[in-house]
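In the block that follows, a single chain appears as structure tokens, in the form predicted alone.
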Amino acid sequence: MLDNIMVLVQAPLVPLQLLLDGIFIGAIFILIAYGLALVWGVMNVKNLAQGDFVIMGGYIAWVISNPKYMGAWAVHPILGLPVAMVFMFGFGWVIYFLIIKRVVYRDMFTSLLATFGLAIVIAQLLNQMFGPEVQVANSGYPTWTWGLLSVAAIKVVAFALTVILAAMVVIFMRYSRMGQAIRATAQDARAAKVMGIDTEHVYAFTYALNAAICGAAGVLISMIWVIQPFFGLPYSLRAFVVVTAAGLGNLPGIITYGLGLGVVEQFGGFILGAQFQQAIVVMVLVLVLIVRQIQQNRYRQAVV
């Protein structure tokens, strides 16, 4: 560990490399976390299948770029982005009416249990369909190198696409009628229903939109990292860390903590070893929960 710290001190390009990688990866965390924040804030459902939706999107990109499945119809995995979003939107809509609709008005434990079961089913289905091997959707893009500094072109493309997608979602939420209905339902579902908003339709659309966002993130992840049927849980954990730290409805906070988590994970993985990256995410989650509890206790004392 000390040797790795000395490398950071003596080779200034190494910290810059880790910082860039953290920002590129953290941008995708923002997408996943924003989708979770939507479902959590509007429906009060903690979606433990968040990461499995991401992995599903990754497999869609991998399949459409794989001649084994598509033959001569195989295309570049980046074209799987709109396909994954459309497919996952429909999948999320179906899942809402099959499962989520039955737990929206129940206690938190019920929604956690239902979405955890959904996550297990998705992972097992993907395992049966594609096997347990680690897969990657090859983008074919080059890697730019300047001495010790290297940047994969696909990471830059993924970052740009993430910014575009995030901007489109924000514009949709702010200016479209459905976006306004979603925000109204999040503030007060009863009042929204009195004003004529079909909250059931809003809930279904919100959950489907979250699935589409996760699908898009999965496509980008499949080209940057690797995918595997049981890799969903780490992305669910990352999304929970970001949303818990930032708070619901706090988009600037989600952006800040998403990028921050990406950077912390890269530096922590370099210093402690790649095998500790997931442990770092869990440690960050525990620290966030402790800080939140301390803040709540101080607020209660101030009110009393």
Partner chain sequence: MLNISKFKSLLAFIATSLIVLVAGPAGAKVEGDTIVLGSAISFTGKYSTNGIHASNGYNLAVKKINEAGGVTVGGKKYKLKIQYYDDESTPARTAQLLERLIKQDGVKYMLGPYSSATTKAAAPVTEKYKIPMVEAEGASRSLFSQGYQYMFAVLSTSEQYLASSIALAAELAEKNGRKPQDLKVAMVFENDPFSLDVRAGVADDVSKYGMKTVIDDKMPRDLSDISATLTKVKALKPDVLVVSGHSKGAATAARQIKEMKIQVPIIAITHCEAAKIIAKFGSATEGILCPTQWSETLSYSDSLFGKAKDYDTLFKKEYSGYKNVPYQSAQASAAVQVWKDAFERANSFDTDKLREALAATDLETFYGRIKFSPEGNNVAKPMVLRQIQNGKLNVVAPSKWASHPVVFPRKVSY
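Keep in mind that this is a model prediction, so the values were computed, not measured. In this text, the rigid core denotes the largest set of C-alpha atoms whose superposition between the two forms falls within 1.5 Å. Numbering follows the first chain given and starts at 1.
Beyond the structure shown, there is the form predicted in complex with the partner chain, which is absent from this document and is the topic of what follows.
Visitor: Candidate spot L38, W40 and T256, all three in 4.5 Å heavy atom range of the partner chain in the model of the complex?
Guide: Answer is no for this spot.
Visitor: Would you classify W225 as touching the partner chain in the model of the complex, given a 4.5 Å non-hydrogen atom cut-off?
Guide: Yes, W225 is a contact residue.
Visitor: Might P234 be said to contact the partner chain in the model of the complex, defining contact as any heavy atom within 4.5 Å?
Guide: Answer yes; at least one heavy atom of P234 falls within 4.5 Å of the partner chain in the model of the complex.
Visitor: Hey, in the model of the complex, is L18 touching the partner chain, heavy atoms inside 4.5 Å?
Guide: Residue-level check for L18: yes, a contact with the partner chain.
Visitor: Contact with the partner chain in the model of the complex for A137, defined as at least one heavy atom pair within 4.5 Å: yes or no?
Guide: Yes, A137 sits close enough to the partner chain in the model of the complex that at least one of its heavy atoms falls within 4.5 Å.
Visitor: Hey, of 188-196, 150-158, 209-217, 171-179, which bit sits against the partner chain in the model of the complex at 4.5 Å between non-hydrogen atoms?
Guide: Going by heavy atoms within 4.5 Å, the stretch is 150-158.
Visitor: Pick from P82, G71, P132, G90: which has a non-hydrogen atom within 4.5 Å of the partner chain in the model of the complex?
Guide: For this set of options, the contacting one is P132.
Visitor: Would you mind checking 251-280 for residues with a heavy atom within 4.5 Å of the partner chain in the model of the complex?
Guide: Residues within 4.5 Å: E265, Q266, G269, F270, G273, A274, Q275, Q277, Q278.
Visitor: Aligning on the rigid core, do we see the C-alpha of P67 shift 2 angstroms or more between the shown form and the other one?
Guide: False for P67: its C-alpha shift is below 2 Å.
Visitor: Does the distance between the two CA positions of Q278 reach 2 Å or more between the shown form and the other one, the core being superposed?
Guide: Yes, because once the rigid core is superposed, the C-alpha of Q278 moves 2 Å or more between the shown form and the other one.
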